[in-house]
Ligand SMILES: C[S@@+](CC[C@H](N)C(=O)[O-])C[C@H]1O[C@@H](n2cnc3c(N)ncnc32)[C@H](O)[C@@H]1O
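In the block that follows, a single chain appears as structure tokens, in the form predicted on its own.
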């Protein structure tokens, strides 16, 4: 190999590495780069141990409710310490799905899916709106910008709070968006203190849905609206079908879920805590285009990123255990895709509720 060829090859490799490490940020908006992958609030040397504990805990999700329900919030917190940077780097600042829209990018489709919350709630400037399970605040910023309402987000993960505040400030929305650390099963808010509330693919982490719904009911003012996008099994799910069970358990293990609920349970639980159910609809059904198409189209990116994560871990930039976490997420993407293709699972079963005008929380 002559010197020119050697120089050209080295330059090409150098440019490629620079792009991977310093240019490739979030799939939707730059803000998290590969060289900055971390483990949230978990120290680097404890990542692998925490991953192994998490993996063991969620191996049999249905048993959690019988033996260790009280430990779920702590392990959900661990999960988001492990995956937040990877999600943000490879997926974007909105940790949820949305139907594909012909002619629209994933980012545009996500924004429209989030803005629909404003239309459902009827939120307007001056309203105080709760985001129960806000993540790093992608939906919060879209909803605040679209409505002009003041949005207060709560997430159990302290690292996500820090990331959300950084993004809020960068977006110039820190005046409308507030984020706090807390458990949505026991929120530090006064009774009847919000005009409206929403949760986007977040309450699936609650061991008992009635507990989080009851807490949201408590903090809503009389007449206040609440909308949630729920992860559920559909009418096509057969718990006697081994393939169906494997898909659902794969989703549960890879997404820190103490057990997926049936779509039939959602409205019943909402009514049980006092809500009036205004509307319920699976937003993934036709004419909506497949929400899982993004996962299928991202297969090459997943494995490209997995190689990169492996290299970063090997040279000591990414914490040991990051490879295991990323591999888990790659496997979970397969189960989610299968859940979508078989139509036994949907991540966007929408329920719109109202707190009765006559009810004040005591």
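Numbering follows the first chain given and starts at 1. Just so you know, these numbers come straight off a predicted model, no measurement behind them.
Form predicted in complex with the named molecule: not shown, discussed below.
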Open item on the list: Looking at 269 to 277, 219 to 227, 91 to 99, 239 to 247, which stretch has residues with any non-hydrogen atom within 4.5 Å of the named molecule in the model of the complex?
Closed with: 91 to 99
- [ ] Decide if the three candidate residues 159, 164 and 178 all line the named molecule in the model of the complex, where lining means a heavy atom within 4.5 Å.
- [x] no
- [ ] Heavy atom within 4.5 Å of the named molecule in the model of the complex: which of 130, 118, 76, 142 fits that? Just give me the one.
- [x] 76
- [ ] Quick one: from 150, 193, 183, 234, grab the residue that has a heavy atom within 4.5 Å of the named molecule in the model of the complex.
- [x] 183
TODO: Verify the contact flag for residue 80: yes if a non-hydrogen atom of it lies within 4.5 Å of a non-hydrogen atom of the named molecule in the model of the complex, no if not.
DONE: yes
Task: Close approach of residue 135 to the named molecule in the model of the complex, 4.5 Å, heavy atom - done: yes
Open item on the list: Is residue 197 near the named molecule? Define near as a heavy atom within 4.5 Å, in the model of the complex.
Closed with: no
- [ ] Indicate whether residue 202 is a 4.5 Å heavy atom neighbour of the named molecule in the model of the complex.
- [x] yes
Open item on the list: Using a 4.5 Å heavy atom cutoff, which residues in 136 to 155 contact the named molecule in the model of the complex? It's fine if the answer is none.
Closed with: 139, 154, 155
